[in-house]
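Read the single chain below, which is given as structure tokens and is the form predicted alone.
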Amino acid sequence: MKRTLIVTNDFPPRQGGIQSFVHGLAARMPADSVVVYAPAWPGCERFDAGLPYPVVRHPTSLMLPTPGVARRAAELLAEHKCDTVVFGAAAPLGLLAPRLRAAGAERVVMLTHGHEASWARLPLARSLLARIGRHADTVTYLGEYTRRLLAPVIGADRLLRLAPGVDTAAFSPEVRPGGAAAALEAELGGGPVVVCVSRLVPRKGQDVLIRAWPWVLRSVPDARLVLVGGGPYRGRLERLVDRLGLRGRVRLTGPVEAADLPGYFALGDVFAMPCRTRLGGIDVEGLGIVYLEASASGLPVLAGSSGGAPDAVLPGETGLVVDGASAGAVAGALVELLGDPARARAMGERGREWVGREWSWDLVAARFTRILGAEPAP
């Protein structure tokens, strides 16, 4: 049997879209065909104990393409008799590919996300990305936005699409809030709820949602905004809520366990994450799996127009795409969705159907299996 070594900085119990993506791929492989090499993270011992395949943890919380990491990855390749290496993110660990080729890897697959698309825009990073890509048999991309940026650097012939899947059983309109989410639902009252599930970082646009909220309340006075997640931006967001006098109208939950997230989506009537591109195009959204999870949950979505985020929405059918930097545009779109519940529900139903047809994990796992089994590049 062919065996695969996944080398990745992005793996649970650390939360995030890339972490869920890589874990989802590994979980759908035969347990005796995969080994994961990933950094240590608080809670990893308990998490790893529940997995059917081995996870070897690097002693620190970050792996860089250093000789020590290369040596350990090569040892694991030999110890577990792996013939394929998958880099959970091409940059920067893909720089290890030549060392692992020399150690016996017959096939090298590299996944890309938003940050590789950002590298493709910067001269020095672009040259490093080209160097990384030269040592891959296949480099995957999320959607049309990332493909356009990567093709001139990596080469279109090496690129294949592989986007995350959605667990449509876990994320479903049938899910009801439980535990802390149920308690929060009771506190919110009976008005419409806009929910945002994401890390609290500037690119995701939670600050724009808060700035838009006074305009939303003029049209929908009983609306509530719930921001789910933790991150370094939380303190600033809390201060913004206080400065605008929105305490009680806007709630921040703090970090939430991944298993509890479907219940927080279930709080909402609308999902909104108005992401925007920052730092001259360096900080950009690669796709936004949360939009698809929201659609699977039966919610209409409001997305920002950053990077590949529009690839996760059918504009006018499953949701709306707006300029995530404009509080006025965000407020207008939210009022449009909240003011027409029948249209919003129809968008949610259409989104659920679309995700089940185009974004299921069964489809993604089958595509990944084909990528792993392809013939190595000459």
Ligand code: GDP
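All residue numbers are counted from 1 along the displayed sequence. Every value quoted in this text rests on a predicted model; they were computed, and no experiment measured them.
Keep in mind that the form predicted in complex with ligand GDP is missing from the display, and what follows is about it.
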property: Listed range touching ligand GDP, judged in the predicted bound form by heavy atoms within 4.5 Å, from 211 to 219, 133 to 141, 104 to 112, 289 to 297; result: 289 to 297
property: Whether E185, L188 and L237 all lie within 4.5 angstroms of ligand GDP in the predicted bound form by heavy atom; result: no
property: In the predicted bound form, the residue from P92, G229, G263, P192 that sits within 4.5 Å of ligand GDP by heavy atoms; result: G229
property: Contacting member of A170, A180, L244, V256, with respect to ligand GDP in the predicted bound form [4.5 Å, heavy atom]; result: V256
property: Partner contact for R203 in the predicted bound form: ligand GDP, 4.5 angstroms, heavy atom; result: yes
property: Contact flag, T369 vs ligand GDP in the predicted bound form, heavy atom cut 4.5 Å; result: no
property: In the predicted bound form, T84 touching ligand GDP (heavy atom, 4.5 Å); result: no
property: is_contact(Q15, ligand GDP) in the predicted bound form, heavy atom dist at most 4.5 Å; result: yes
property: Contacts with ligand GDP in the predicted bound form - residues in 190 to 223 whose heavy atoms fall within 4.5 Å; result: V197, S198, R199, R203, K204
